[in-house]
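To begin, one chain is listed below as structure tokens, in the form predicted alone.
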């Protein structure tokens, strides 16, 4: 992925990693469209950062995705980068029937939302120079955090989906790069980690991730050092120890 001169759509762009990426990429000389459900936040972002565009989008709603696609096709015909970042992360008690709607919400937003966005927007990317689909997954795709079982499962599914997407796009010679971003716990409001000393500061995560992308613009995965011990646990034989550690938190 080139670092400047792109037109980028970022879902879940009103806070956390999504907003952080939006601001960093805008400052690097890209046209950025932040998408999200909270229209008041979208207005605040545009007011505070002139030049960034905003789009009302609920990735859990297929009609909202379809409207967003038509809007972007008309307003930003040069779109060449889709960042699938929107997601939720909530605790579940699998022994409590009240947890089932929570699980279903994770699947609808984290997994189906990303899949639907990809199907909707890929036709706008294919054939564009330097086209990219960037999927934000999680280190927990590789070793689960047991108190967030469906979150972990959706991120594992998105890792697999990204792998297949990369192969299909390469086989079709569509010219679309697929990048998976694999964050550790980051200090954002996701799961209330904004003040968690064990989570990685957001600015540090953004800096390291974008540095990795600058160093390896053809990267398949962007894994910061703090996420590496989880990402590589199964390969290096430490899976059981890492799972036990995550189970104790």
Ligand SMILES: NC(=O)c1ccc[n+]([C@@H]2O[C@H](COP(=O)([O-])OP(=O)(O)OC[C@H]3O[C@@H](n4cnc5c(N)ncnc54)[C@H](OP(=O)(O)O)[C@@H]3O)[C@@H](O)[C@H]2O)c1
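For clarity, every value in this text was computed on a predicted model and none was experimentally measured. Numbering follows the first chain given and starts at 1.
Although it is not shown, the form predicted in complex with this ligand is what the next lines describe.
K.L.:
Check whether residue 207 has any heavy atom within 4.5 Å of a heavy atom of this ligand in the predicted bound form, and answer yes or no.
P.N.:
Contact check for residue 207: no, nothing within 4.5 Å of this ligand in the predicted bound form.
K.L.:
Does this ligand get within 4.5 angstroms of any non-hydrogen atom of residue 109 in the predicted bound form?
P.N.:
Judged by the heavy-atom cut-off of 4.5 Å, residue 109 is in contact with this ligand in the predicted bound form.
K.L.:
Although the partner isn't part of this model, could you tell me whether residue 80 comes within 4.5 Å of this ligand in the predicted bound form, counting any heavy atom of the residue?
P.N.:
No, residue 80 stays farther than 4.5 Å from this ligand in the predicted bound form.
K.L.:
Looking in the predicted bound form, any heavy atom of residue 136 within 4.5 Å of this ligand?
P.N.:
Yes, residue 136 lies within 4.5 Å of this ligand in the predicted bound form.
K.L.:
Given that the partner is absent here, state which listed stretch (22-30, 66-74, 210-218, 181-189) has heavy atoms within 4.5 Å of this ligand in the predicted bound form.
P.N.:
So the stretch in question is 181-189.
K.L.:
So which of 157, 124, 88, 131 reaches within 4.5 angstroms of this ligand in the predicted bound form, heavy atom to heavy atom?
P.N.:
Contact check passes for 88.
K.L.:
When you measure heavy atoms, are 6, 54 and 177 every one within 4.5 angstroms of this ligand in the predicted bound form?
P.N.:
No, none of the three is in contact.
K.L.:
Who in 227-249 is close to this ligand in the predicted bound form, meaning a heavy atom within 4.5 Å?
P.N.:
Residues within 4.5 Å: none.
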